[in-house]
Each structure stands twice: as structure tokens, then as C-alpha cells.
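Okay, here we've got a single chain as C-alpha cells, the form predicted alone, with questions on binding and movement later.
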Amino acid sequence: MITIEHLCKSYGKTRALGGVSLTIPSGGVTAIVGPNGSGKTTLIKSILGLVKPDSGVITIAGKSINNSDDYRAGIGYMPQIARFPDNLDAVSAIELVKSLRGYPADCDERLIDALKLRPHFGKPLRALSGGTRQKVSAVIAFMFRPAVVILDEPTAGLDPLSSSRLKDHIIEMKASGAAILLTSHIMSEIEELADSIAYLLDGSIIFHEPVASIIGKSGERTLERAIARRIENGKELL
């Protein structure tokens, strides 16, 4: 479980996060939704330890992450755009991450085969498409069986079959008890995967509710239309 309490971060005079509090439970998928510039990236980087908040507390499994880097070994992170040294091939990239972690890891062979990644293992990463590099990133994110998984637009660039199989794996990780944080601009994807949605705007969480509740209250059939209606009707979002 991840617990975020009163998290604040500003860049100069620009407020990125203004007292964000949020719980991301184990065995669930929490989606962070909001327009560009709402604070999603700063929130993720704060959890990953890449940004130091001005104030507030983040705890993972009951332990504060302040002044510690060890906790990051238990996080699987799949960025929106996978960036690797261009001179490496896929296998070398995986082995590099293993060596940096300092302890053994088992690649999920089922995921590798499901994503049809094996034929690309010997190719330089610079020669691979963005979608194929994204598959490498997925394998790396999940190979340590992490207790916490952060997925930033995970299906971006993937073909429909690979996207479907990656989503199946995310659901399996959820069932295994992982705490999963997801960002996506694809509302149908969030509706399929997420248990709850936290809507972030101008550095503040405007609402955090179960997906079923958001749709049910709106009278709409889809999450996309339900959120659109809430934004249109909600004075607190203006």
C-alpha cells in the first residue's frame, strides 16, 4: 500500500502539487487522471524518489520513503517512453537492470512470449520500434514481481494484441496483491483496469472514487462520458 499525505511541491512560483493526499491499496489499480500540467508527473516522480517534495509524507508498506532509496527496489516502473542506451540490445538491457538491482530476478517468460518479444532480443534497441521498446520496458517493470507497480501510459505504441496481453498481465499482478498506479488518456483502458480514479487538477485531487460509482452517478454508459459530464457539471472543476 502507498499512502500519500499532504504532499506539496512547487517549482519556483508554480505550484505542481498542493497538499495531495491519496491511498493506493494493495490488490488494486488506482488511476490518476487529469489534463496535462495537472501534477501527475510530479506525483509519480515523488513516489519514485526522483523529485523531493517541499512537504508531506509518502509511506510504502507503512514505512516512510523520506531519506531512503532502498524502497525503490520494490517498485516496478514502466515509463510512457522507454529510454535505453542505444548500443544495447534487449537482452543486454534486461541484464543491465538486473545487475543494477544487485539481486537475481526471473523474467516472466510467459509475458515475453505473450508480447512476441523473443525474436527481437538480439537486435539493437535503436533499431526497434517504439512499441517494441515499450515491450522491453514492460518486461523489466514486472520481472522482479514488485509489490508496487507504476504504469505511465503503458499501452502507448502497442498493437491491439500486445495491448490486450499486457492488460491481462496487469490484472494478474493486481490479483497477486500488487499496489498498482496507472495513468492513461484512454478512458476505456482505465474503465477496464482501474478500481478507482483520482482526478487531479492544478495540483489538487478534485475527487477520488470507485469507477463504478463515477459511472453510476452520472447515468452514462461509459467512463469517458461519465467523467466528461462531471467536468461539465462540476463547478469545483472550473
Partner chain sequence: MNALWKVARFTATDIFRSKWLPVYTVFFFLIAEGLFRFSGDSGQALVSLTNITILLIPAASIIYGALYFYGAREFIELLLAQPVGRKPLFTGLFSGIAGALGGGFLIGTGLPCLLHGTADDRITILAILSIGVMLTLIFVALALLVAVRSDEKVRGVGICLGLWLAFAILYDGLIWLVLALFADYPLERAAIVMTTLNPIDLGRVGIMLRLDIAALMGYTGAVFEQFFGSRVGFTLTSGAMLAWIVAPFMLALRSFSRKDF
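All values reported here derive from a predicted model rather than from experimental measurement. Residue numbers count along the first chain shown, from 1.
Another form exists, predicted in complex with its partner chain; not displayed. Remarks below refer to it.
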item	value
Close approach of S163 to its partner chain in the model of the complex, 4.5 Å, heavy atom	no
Exercise: I140 in contact with its partner chain in the model of the complex, heavy atom 4.5 Å	yes
4.5 Å heavy atom contact, R72 and its partner chain in the model of the complex	yes
Distance check, K52 to its partner chain in the model of the complex, heavy atom within 4.5 Å	yes
Candidate site Y11, S92 and L96: all three near its partner chain in the model of the complex by heavy atom within 4.5 Å	yes
Partner-facing stretch of 25 to 33, 42 to 50, 183 to 191, 167 to 175, counted where any non-hydrogen atom is within 4.5 angstroms of its partner chain in the model of the complex	42 to 50
Heavy atom within 4.5 Å of its partner chain in the model of the complex - residue from L88, I112, A156, A147	L88
